[in-house]
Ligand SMILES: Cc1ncc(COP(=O)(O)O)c(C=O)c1O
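Taking the form predicted alone, here's one chain by itself in structure tokens.
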């Protein structure tokens, strides 16, 4: 994996810095940057236009990228909606479900480990009386089994993160979906895959209803996300935004919307980002998701082993598979420690990283998060551990 580092201009530009914040956003290879420029230089036109050859070429290119995206989910292109990110995607799903597909006495099952994007829409809609919100296994890291045990006759929706953005634990989504649908075929299952898809492809043939993710966490550009929507929802769900390109007709008092992905893509698509996203897919496929996953698991094990040398360190997620380290040093505030690390060239973050109910599970109000991707190395881990060994309580207040 050391060979891939030369493909990332950020790493070349900042050879002395340690980028340990990939769960927030990944670095971008040169091929992605070039693909974005390629759109502006060689295409430059909008979609939904066949009045010129070059405009038709843009529309055809976007469809080809939609096809390529679908393969990450073992899905059809007709099920892939482009959004501005996972946040818009999860809002689209939550508000769409609340609009006629759930009753006030029914429940949305969720965990306290969720990112704000998979919490706030559900909390807001529950406050409006659309449904009841039920938290699974309070005080414990959620699993597929804990969700299944929490299902009752009132459960209508299960909304879960495939992988936590602070602990790096994974949910066995295939087991969850198949077993939940056996208990009740009408249960709607929503997966926040923002942290899961960077490491694993997804197979929607298990019967999942919705998936949302962000491309910028998978080497792609910011401002682009994906929603997978099962066939039946394409016609049933109402869009989150209305505008050009998503309607068949309009008269003075009414309109007719499309019954396909176009219905959810009102306005101009983020076309340059979509072009960049194709290059990201190609790059990830070239390396291989299985290789990425295995390498990151090895990095995590190595990191945990090396951190054992640090006095007074508390690592909250030693056993979880993904390459996220969530830790504190006793009697040192996480934000102070992260700021000290920042002055030493370590890009990381502190707090609850948008999972603001997670303190009910991990029993801390804040910790330092180090998140790695396949372009990180054991040598970088060694450098970080050597730096952290030099830290003494009190250093954090002398910046």
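Numbering follows the first chain given and starts at 1. Everything quoted here is computed from the prediction, not taken from an experiment.
The protein also exists as the form predicted together with this ligand; that form is not presented, and the subsequent description refers to it.
Asks: Is this ligand in the predicted bound form near all of 71, 197 and 281, within 4.5 Å of a heavy atom of each?
Replies: Checked in the predicted bound form: no contact with this ligand for any of the three.
Asks: Among 120-128, 300-308, 144-152, 188-196, mark the stretch whose residues have heavy atoms within 4.5 Å of this ligand in the predicted bound form.
Replies: Contact-bearing stretch, as computed: 188-196.
Asks: Just to be sure I understand the contacts: of 208, 97, 86, 81, which is the one whose heavy atoms reach within 4.5 angstroms of this ligand in the predicted bound form?
Replies: Looking at the other structure, the residue within range turns out to be 86.
Asks: Can you tell me if residue 214 lies within 4.5 angstroms of this ligand in the predicted bound form, counting non-hydrogen atoms only?
Replies: Yes, residue 214 sits close enough to this ligand in the predicted bound form that at least one of its heavy atoms falls within 4.5 Å.
Asks: Determine whether any heavy atom of residue 111 comes within 4.5 Å of a heavy atom of this ligand in the predicted bound form, and answer yes or no.
Replies: Residue 111 lies outside the contact set for this ligand.
Asks: Does this ligand come within 4.5 Å of any heavy atom of residue 115 in the predicted bound form?
Replies: Judged by the heavy-atom cut-off of 4.5 Å, residue 115 is in contact with this ligand in the predicted bound form.
Asks: Scan 13-44 and write down, in order along the chain, each residue with a heavy atom lying within 4.5 Å of this ligand in the predicted bound form.
Replies: Read in sequence order, the lone residue that approaches this ligand (within 4.5 Å, in the predicted bound form) is 23.
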